[in-house]
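What follows is a single chain, given as structure tokens, in the form predicted on its own.
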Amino acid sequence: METKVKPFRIKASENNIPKPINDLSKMDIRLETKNLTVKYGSVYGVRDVSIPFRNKTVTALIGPSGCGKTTYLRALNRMHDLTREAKVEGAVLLENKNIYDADINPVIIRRKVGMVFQKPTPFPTMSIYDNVVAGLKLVGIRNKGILDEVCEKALNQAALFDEVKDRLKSPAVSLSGGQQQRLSIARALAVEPEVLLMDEPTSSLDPQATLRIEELIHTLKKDITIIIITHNMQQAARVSDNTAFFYVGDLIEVGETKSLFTNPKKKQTEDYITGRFG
């Protein structure tokens, strides 16, 4: 069952009217895939996908289960490096540099391109504070003043600080599900990523927590580029500037969300967004 929440309104202005995705200068593009293909042995996860992601926008990836959305998303920060049988071809360009080049450190890429998963992923044995600053400690930052400052900033960005400021040393698992997901977002934001990947971040949350995450996405896109997988068509329409529709490993259509939902160019896209299959 799809989560139902009231849509929030975005005041119209020149700043939040996205440019057509096919009319972008290089200065607009934060991340881009060119002919990206991911295979598991002889099985294709996605085939020959090229999408530019504009700076400070939200792009929704939609399509039925098993169509390649998560496979594609994981390729954007080299998470397939952790899967032995996965093979990635083509290019993922960040700052016009292919992140799969031999001289690129994947740990650096995962700091620049953060990930928030479908279910909240707090480190269960750590406090709220230690969860947020875990990435900084991993790269050797131990200065308490810096860690305190980053923790407060990231929790504020994730709209969580006011709720937890008096119990930062409490276990992260003491938080509600929605708070744990915002904590996961704060942890990703603490290392100041340029791009944030979100794989169905509200699928396990109640309507109120879902609304908080959607409002948070709208706030965060003022500073970073967001790519979100969602099965909820209403959510995609509410939060995204552009939408890409995947089907059986292929990119069927990509464009401005309003145009794609009201006047899709491909019959498969129309059938999916109108609920004829899914």
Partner chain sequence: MKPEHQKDSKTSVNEVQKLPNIIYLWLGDKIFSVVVVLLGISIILLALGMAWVLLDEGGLALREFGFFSFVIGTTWDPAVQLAFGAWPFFFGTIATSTFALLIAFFPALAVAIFSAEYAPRWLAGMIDNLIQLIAAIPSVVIGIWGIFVLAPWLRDSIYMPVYVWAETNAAGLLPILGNPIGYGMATATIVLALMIVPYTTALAKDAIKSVPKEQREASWALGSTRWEVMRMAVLPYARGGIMAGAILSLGRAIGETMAVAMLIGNKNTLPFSIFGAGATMPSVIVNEFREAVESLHLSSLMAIGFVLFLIALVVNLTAAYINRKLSIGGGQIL
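Positions refer to the first chain, counted from 1. Everything numeric in this text was worked out from a predicted model, so none of it was measured.
The following text describes the form predicted in complex with its partner chain, which does not appear among the structures shown.
In short, of 108 to 116, 156 to 164, 201 to 209, 87 to 95 it is 108 to 116 that has heavy atoms within 4.5 Å of its partner chain in the model of the complex. Residue contact with its partner chain in the model of the complex: G177 places no heavy atom within 4.5 Å of it. The closest heavy atom approach of L168 to its partner chain in the model of the complex falls outside 4.5 Å. Heavy atoms of T121 reach within 4.5 Å of its partner chain in the model of the complex, making it an interface residue.
The shortest heavy atom separation between R187 and its partner chain in the model of the complex is within 4.5 Å.
Contact here is defined as any heavy atom lying within 4.5 Å of its partner chain in the model of the complex, and by that definition each of R74, T125 and G135 is a contact residue.
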